[in-house]
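In structure tokens, the next block holds one chain alone, the form predicted alone.
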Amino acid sequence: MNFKFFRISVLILLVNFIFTSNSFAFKPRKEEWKPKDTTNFVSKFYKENENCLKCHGQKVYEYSNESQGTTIRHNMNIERVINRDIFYQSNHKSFKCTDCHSNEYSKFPHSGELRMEAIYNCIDCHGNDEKYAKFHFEEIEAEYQQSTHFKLEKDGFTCWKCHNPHTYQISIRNSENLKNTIAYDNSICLNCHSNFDKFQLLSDRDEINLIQKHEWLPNQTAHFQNVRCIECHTKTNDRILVAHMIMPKDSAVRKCNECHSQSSILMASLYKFKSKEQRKDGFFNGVMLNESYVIGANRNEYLNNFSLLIFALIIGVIGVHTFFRMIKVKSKSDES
């Protein structure tokens, strides 16, 4: 009876240990992150901007032809339509249109020569500015110039192909908004790579089937939802928040152990917001990857050794139990 009680007690302790030790990886998911409401933002340049948005803020615009005494209505080119709500939630929401565009645009009809106007890029405003030094824009520019995209610059590829100045939002990654960050960043890539009409503006290649090109990747849906395209298609850089050196497709990550290991490249890219101290020895990897579990990246040598010790103890308990059962059976057979 006492031995039976001992076995039950050991079993309860083991079950309790298993559930508590694995609590890292099985925390309940937090509520889906929601962006802060910025729709109440009122720009001090609102009236000036409305001079542009009264036409460019809608799909149809009209103007008066005074010589003929008529009102003309036209469809606005979809590429020229600026959504007010999205613009006033973007990173450039505090700007006025003529901060980036020529003052000559205030005249209507616009001069055809303005179409040839040089457009600012990120480094023109953000480069060599102490206020933005922590973002290392100069290094981002240097990386971009080594990127496979840079060779398309003469054909019109600029920062704005990925970072639309009228809509772009940047947020610091954290555990709460990670899913949204992944979806937002991937949409930047897919804006061209899954839209053949836009893709043709920069390439003469045939349309690419992304699903088919990634058919080697197991469980595609889980990978596309939990990692960004740039995790596999850029070279990581510890000095900047997001790598900009887009590599040729032949250099993309294809080996599982690049991510599924204690030294996972995800720790230096997607999960860079976690401190290096937390990433040490992989102990906190389970916490970090709670939202998108990555097998192999959650291992910890101390827990591994402790698990082996528990396993050895279980084998020992089974051995002791078997030994006493054999003695009991033998004593019964001797008595009979």
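Start at 1 with the first residue shown and count on from there. Only the largest set of C-alpha atoms that superpose within 1.5 Å between the two forms is called the rigid core. Just so it is clear, the model here is predicted, and its values are computed rather than measured.
The next section is about a form of this same protein that is not shown, the form predicted in complex with heme C.
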Next item on the list: May I ask whether Tyr105, Ile140 and Met247 all come within 4.5 angstroms of heme C in the model of the complex, judged by heavy atoms?
Entry: yes
Margin query: Please tell me whether any heavy atom belonging to Asn51 falls inside 4.5 Å of a heavy atom of heme C, as the geometry stands in the model of the complex.
Written below: yes
Checklist line | Exercise: Glu79 in contact with heme C in the model of the complex, heavy atom 4.5 Å | finding: yes
Next item on the list: With heavy atoms only and a cut-off of 4.5 Å, decide whether Leu303 touches heme C in the model of the complex.
Entry: no
Notebook entry, point to check: With the partner left out of view, is Ile188 within 4.5 angstroms of heme C in the model of the complex by any non-hydrogen atom?
Noted result: yes
Margin query: Need the contact residues for 192-213: heavy atom within 4.5 Å of heme C in the model of the complex, sequence order, or none if there are none.
Written below: Cys192, His193, Phe199, Leu202, Ser203, Arg205, Ile208, Leu210, Lys213
Next item on the list: Would you say whether Lys107 is displaced between the shown form and the other one, judging by a C-alpha shift of 2 Å or more on the superposed rigid core?
Entry: yes
Note to self: A 3 angstroms or greater change in CA distance between Asn174 and Asn226 is reported in the model of the complex. Closer or farther than in this form?
What the structure shows: farther
Next item on the list: Over in the other structure, so in the model of the complex, do Ile172 and Ile182 pull closer or drift farther apart at the C-alpha level? The difference is 3 angstroms or more.
Entry: closer
